[in-house]
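This document starts with two versions of one protein chain, written out as structure tokens and named structure 1 and structure 2.
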Structure 1
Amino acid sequence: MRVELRGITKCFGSLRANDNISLSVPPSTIEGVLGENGAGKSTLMKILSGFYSPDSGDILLDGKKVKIDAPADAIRQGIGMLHQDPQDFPPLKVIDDFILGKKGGLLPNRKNAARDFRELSSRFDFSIDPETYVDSLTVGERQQLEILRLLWLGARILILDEPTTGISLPQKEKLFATLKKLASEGMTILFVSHKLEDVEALCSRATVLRQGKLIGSMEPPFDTRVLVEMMFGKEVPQEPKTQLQVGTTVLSVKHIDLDGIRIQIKGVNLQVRAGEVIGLAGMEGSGQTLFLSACAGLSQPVGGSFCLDEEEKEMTGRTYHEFRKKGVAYLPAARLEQALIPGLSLTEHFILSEGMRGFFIDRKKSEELAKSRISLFNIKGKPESTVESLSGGNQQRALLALMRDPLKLILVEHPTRGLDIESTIYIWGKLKERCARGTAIVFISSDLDEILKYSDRVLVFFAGKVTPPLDANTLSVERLGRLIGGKDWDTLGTEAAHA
């Protein structure tokens, strides 16, 4: 089905998120939509899926003008969208979430749905149990659930807003194969992503937005340099990998046993030293999040101990509050649910995180603080913008801008999930600056390049098993990929870097 957008304009207050955008996507096409954070990609996709109504402009399907005022209209036209933030129901069972919204019948056919679900998820090597609850899934798994659901609904036009941030390399290859097959069967797919290599591997055309305007399109063979220049209006140089001097031990993890709702981990040992970056790799839900949250006192170990600093401050069984007082910060992946407060402005967030003294709010001082942080972290937003009105990438920047200084240890889930290339380089520059001043970082990422490029040592998680720390300099992408997939584990003993 041919999808045509004609002269779409959408303003939020004085901001033109989409400015007279016209785009025509022929059937059987996978159209890549590229652009920096805040360029207006999600806004445009939400207009096509009926979530927003455009201020002006038309949507045409197969040349016929259609009226799409609500998502229900779009669904009727066969348009399905994966939203950037998982739009699901945390307290429901996975299978119920899967069924919700499926048309037809008074009684859901749970058995058939569960069978379809299992079949689909094994096709992509996703391992989600339909009988668990959505809130026990990682953000990446919730994205996987949404992808499965949309494929199951059988849309004719599929919009995917950053679908690859939560899945591993082999899973991605399978997903891409399926998308290509669906496209060859006539489906139209719009694929929003920051990963140029994904767009290059998958798309039959790429369109670039910048500051709400359509800059241009490109067909294969893609030239990465040209695409980057279209996205940012300038070239973005790649930073070389840096090696910092490590200092004394900041956190020691001794024989930690953890017992999550879905996964158990036994006997993890790790010494994190000042200035060091440790990457936690693995498929979503292999135990990384459980481990990281335990390092911050957010979940309790059932065996072993945590100590902070050289003087061995025993921290086992302490709360996050106490870890925080000792200079530990935790940045979760579910930005709007766990880390930011929807409804509060950026300024109010800075006031809260700085823990300003006194009873009254010093308006002027906090406004200045907000302004300086916004420019320091290049956030596209105003001090009075509420956090939910920021684009996904800018929410992540805000989160990083909220961290206190100095810190001993930063624990972060997916530090650059959803960030464009320039911001990724920028954010890691900021994090490395902290390392140079003695902060240690432990981070989770499903992006193998990010793991290898920015960590000094790597722990790989697979189904609750954990490798000893591996030296990132001698680890290849292929080998890391195999370890993540559960292969090569028997050869590990010999090459462990000093724990």
Structure 2
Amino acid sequence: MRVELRGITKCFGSLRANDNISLSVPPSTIEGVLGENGAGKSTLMKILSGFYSPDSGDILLDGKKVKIDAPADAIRQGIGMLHQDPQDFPPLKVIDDFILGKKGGLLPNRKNAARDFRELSSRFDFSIDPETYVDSLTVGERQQLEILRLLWLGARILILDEPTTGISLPQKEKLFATLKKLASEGMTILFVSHKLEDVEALCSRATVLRQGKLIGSMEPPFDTRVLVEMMFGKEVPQEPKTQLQVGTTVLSVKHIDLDGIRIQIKGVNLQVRAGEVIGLAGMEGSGQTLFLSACAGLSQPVGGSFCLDEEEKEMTGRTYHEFRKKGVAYLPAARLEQALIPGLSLTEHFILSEGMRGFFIDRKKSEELAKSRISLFNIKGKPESTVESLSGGNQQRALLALMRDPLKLILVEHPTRGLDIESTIYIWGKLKERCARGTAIVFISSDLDEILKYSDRVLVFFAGKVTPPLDANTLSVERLGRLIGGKDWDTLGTEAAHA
């Protein structure tokens, strides 16, 4: 199915998110849509998928003008969108979430739906139990569920917004193979990404947006340098890896045992020191999130202990509120579900984070604080902007701006998930500023290059096993990938760094 966008314009107040964009994508095409965070990519895709209505412009499918006022209209036209933040219902079982939106009366046939679900899952090599609950899935598994649901609902135009975030390398390779197969069968794929290597490996054309405007398109062979300049209007220099002086112990993990819904972890030992960065690597669901949440008091161990500071203040069994009072902050991957409050403005978020005293809120002082933080963290938004109106990169910047000083330890899930190159460099620059002041960072990432570039030491998780801390400078992407896949664990004794 051919997709045509003609003169699409969308404004949010004074912000021109899409400025007279015209684009034509023929069937059997995988179109890469590139751009910096806030360039208008997601807005344009949300217009095509019915979440927003354009202020002006037309949408044509196979040359016929169509009106799409809601996501239900879009799916009836054969358009489905996989959002960066999963659009699902965590209290439901997987199979019930899968069935949502399907025509067929008040009582859909769950048996037939479960059969279809398993057949689709096998095509993608996804391993999700249809009878488990959505809230027990990882972010990557929730993305997989949404892909399956859209295909089942009959999508012939598939929009994917940062789909490779949070899934393993084998899952990504299988996904790419499936997308290529679907395109060969006449399906139209719009692949929104900030990862140039993914676009170059998968797409038959790349279209670049910048500041709401369509800058241009490029076909293979792709020139990475030119694409970066099109995205940012300049070259983006890669910063060299910096090594900071580490200090005293801020977190001591001793013989920790953890029981999750689907995985158990035994006997983890780790000394986290002031100023250092520790990366947690592994396939989704291998235990990294369980371990990180336990380090913040969000889940409790069944054995072992957590201690803070050199004085080894016992924190085992304490709540996250108590960890926070001791200088520990946790930044989850699901920004809008677990970290920010949709419907509230940036100003209101800063009021809550600062815990302003007094019976009445000083609005003038609050807005001045918001303006100061917005400027300091280069957030593309206004004090009155709601957090859900911000791009993913600006939501992440807002989370950093909301963290209070001083902090001893920052625990981060996927700190640059869905962010472009410039935003990634900026976010890590701000995190490294904290390290220079003595804050330690422990983070999860599915991006192996990010793990190696920013970590001092690395822990690899596989099927409930955890490596000793490994010196990141001695690891390669290939070596790390083999460990994540369960290979070469018998050689770890020679590579482990001193904890």
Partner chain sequence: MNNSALVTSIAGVLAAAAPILFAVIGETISERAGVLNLSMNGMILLSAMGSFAVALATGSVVLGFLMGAAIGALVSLIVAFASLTLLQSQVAVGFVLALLCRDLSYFLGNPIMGKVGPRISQVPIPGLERIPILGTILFRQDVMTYFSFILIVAAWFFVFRTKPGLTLRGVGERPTAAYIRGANVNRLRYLYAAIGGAIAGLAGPIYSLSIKAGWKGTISGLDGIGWIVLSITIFGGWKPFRAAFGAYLFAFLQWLGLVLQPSLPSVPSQVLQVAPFPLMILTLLFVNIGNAEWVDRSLARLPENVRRDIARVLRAMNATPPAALGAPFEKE
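Please read these numbers as outputs of a predicted model, since none were measured by experiment. Residue 1 is the first residue of structure 1, and the numbers go on in sequence order from there. The term rigid core refers to the most C-alpha atoms you can superpose between the two forms while keeping them within 1.5 Å.
One chain, two forms displayed separately, with the form predicted together with its partner chain being the first of them, structure 1. Taking the rigid core as fixed, one finds a CA shift for H255 smaller than 2 Å between structure 1 and structure 2. Once both forms are fitted on their core, a CA shift of 2 Å or more is seen for L153 between structure 1 and structure 2. Annotation for A114: C-alpha shift of 2 angstroms or more between structure 1 and structure 2, rigid core superposed.
Shown is the Cα shift of K365 between structure 1 and structure 2 after rigid core superposition, which amounts to 2.5 Å.
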